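Given next, in structure tokens, is a single chain: the form predicted alone.
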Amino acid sequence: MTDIHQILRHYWGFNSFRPLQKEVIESVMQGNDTLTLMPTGGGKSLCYQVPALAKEGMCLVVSPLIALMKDQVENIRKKGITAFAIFSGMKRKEIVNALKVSANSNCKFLYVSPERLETALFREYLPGMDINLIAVDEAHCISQWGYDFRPSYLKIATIREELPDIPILALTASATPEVQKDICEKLQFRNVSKIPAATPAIPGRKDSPSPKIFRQSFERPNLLYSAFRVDSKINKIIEILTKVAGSSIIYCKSRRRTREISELLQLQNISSDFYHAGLIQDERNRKQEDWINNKTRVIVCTNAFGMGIDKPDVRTVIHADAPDCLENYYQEAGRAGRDGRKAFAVLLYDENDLQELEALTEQRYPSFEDIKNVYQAVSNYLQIPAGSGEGESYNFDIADFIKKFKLNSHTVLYSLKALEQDGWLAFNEQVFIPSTVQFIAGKAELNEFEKIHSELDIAIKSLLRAYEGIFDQEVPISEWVLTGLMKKNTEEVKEQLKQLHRYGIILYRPQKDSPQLFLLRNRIKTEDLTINMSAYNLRKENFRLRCKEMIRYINEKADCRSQMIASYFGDHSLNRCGVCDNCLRLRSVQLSKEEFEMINHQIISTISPGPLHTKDLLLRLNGIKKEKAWKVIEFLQAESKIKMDKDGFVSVQ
């Protein structure tokens, strides 16, 4: 099957593609390197899944999100398509098996976490894989100028060197023009088009050609953005939830706050629950499912929630605390109203939020001395001798670590991030490795065993009925699924699996659900530790500027919020949305005829003879309220007396 529309209908049941999907797919089918910017929930995965199915061979998908990889593999397999995933925390035997089967079967998708790409084991099997496309999800992670730089992503370029003729599709929900350019350079995209002239230069690097870039419009006409300065956030949240019916997400900056706000909402008889990365996997799954199925109306969560969840009927996304950058805010707020109906993205803030944003840069970028102290403490905590540890994965209870070494939690977290970005280690707070089972007893031995241990017969038959290939390899299983088949509770199921393991009938590995610290290099003496401080300080300055943009967004009372977000990501084509709080405020501004004539005259005389940026124009209109000035500017534009270009420069028509 090679027709992309036929593939879409056969596997997904859709008759047509969403906006931009077809163009991206056709670009990939033509062999072009392609960068695609689509909001979360916009259908990015179809952009590589459809062309991979239309071509001979296998698609290599690079993704940093283990939970998302697992979900993608499960969803693809449900469609009868062969797919595997390889990520940190897997045993060597499991990795070898996945690589062997991928290379020697009709496997169409192999999901790989970026740190696995450079391992000798992966490189050994790479030449035998018939790869037809390399898809890079969360592609902004490759840029140190982005908001979530992960150095392991830089290893993707070495795959391009070994597969020079295989197209790369890079996917991200949000990337500034600077980051877009950096993605293209770091992934060594081949020249298929020119760099947009508006793309800012990146310090210390030469310009290079850019690939085809597809960017979905940032316009969300059904999403009403607003920001409110409030004295009591919980009162405002209750007011919003009372006025706007339907499903809601409330984002908080700390785990403790998620529980507090959820409990306060419950006291008001508002159905709610809380969610964060510190909960065990089963609990996270249950809370998530209850919310998706509308058993719970409101989920109060940290930003650990939402990735890969496609719930179209969310009516409100409320930020109870200010996010640290517009990238995160745009992704999180954008989870509202995906069904096209009216929805609200509300940001609540107070003076303390603004002060914290101002001070956040110093907190996020600890001193080199702090980083060294944390490195030493980690080595002691895990008891790693100097000269060892490379390639090893360790259970790492960060709360216990902080308590034992009496360290500041923020200093620890961001020192680990600095060590990760410099290639010393990788820390993952949300590692989930599912339970696996493989039958190690032969079929004759199994028959004899069932005669003697009839009480375990139902467990054996349920495993054989539910999971294919369970004699040949370790297969991921779900104890929860087995509860339905065996008509027993989860604890009874686990106990029977353990008994079968003890009898030597199966190899049973219970699920792993603990934070993992992975050493990328051998442990060295702390006094020999080095960090690229030049790059570190550049990232620090970049972060400071992102915080500044977030503060500007919060404080702004005249500019259209949709336009502000779009411009930040390099899209200057949007008209004012007319529905955000600032646009509504402008519409309500009353102007007398005399005021209008006076402001009209001042605008025309100020911008003559040449173009002037709107920010400079507003500054020169001394003593005139910005809201009134904008109202006159909009009128003059509508009457074609003045014009404004995509960069915000105004001139007489």
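We number the residues from 1 along the sequence you see. Note that the coordinates shown come from a computational prediction; the quantities given were computed from them, not determined experimentally.
Unshown form predicted together with a small molecule; subsequent notes refer to it.
The closest non-hydrogen atom of F14 lies within 4.5 Å of the small molecule in the predicted bound form. In the predicted bound form, at least one heavy atom of R18 sits within 4.5 Å of a heavy atom of the small molecule. In the predicted bound form, D71 stays away from the small molecule, with no heavy atom inside 4.5 Å.
Using a 4.5 Å cutoff between non-hydrogen atoms, L46 counts as a contact of the small molecule in the predicted bound form.
Between the options T614, N32, N600, T40, the residue in contact with the small molecule in the predicted bound form by a heavy atom within 4.5 angstroms is T40. Think of it this way: in the predicted bound form, the small molecule has a heavy atom of just one of D472, E390, E448, D310 within 4.5 Å, and the residue is D310.
Only one segment in the set 618 to 626, 32 to 40, 588 to 596, 56 to 64 has any non-hydrogen atom within 4.5 angstroms of the small molecule in the predicted bound form, and it is 32 to 40.
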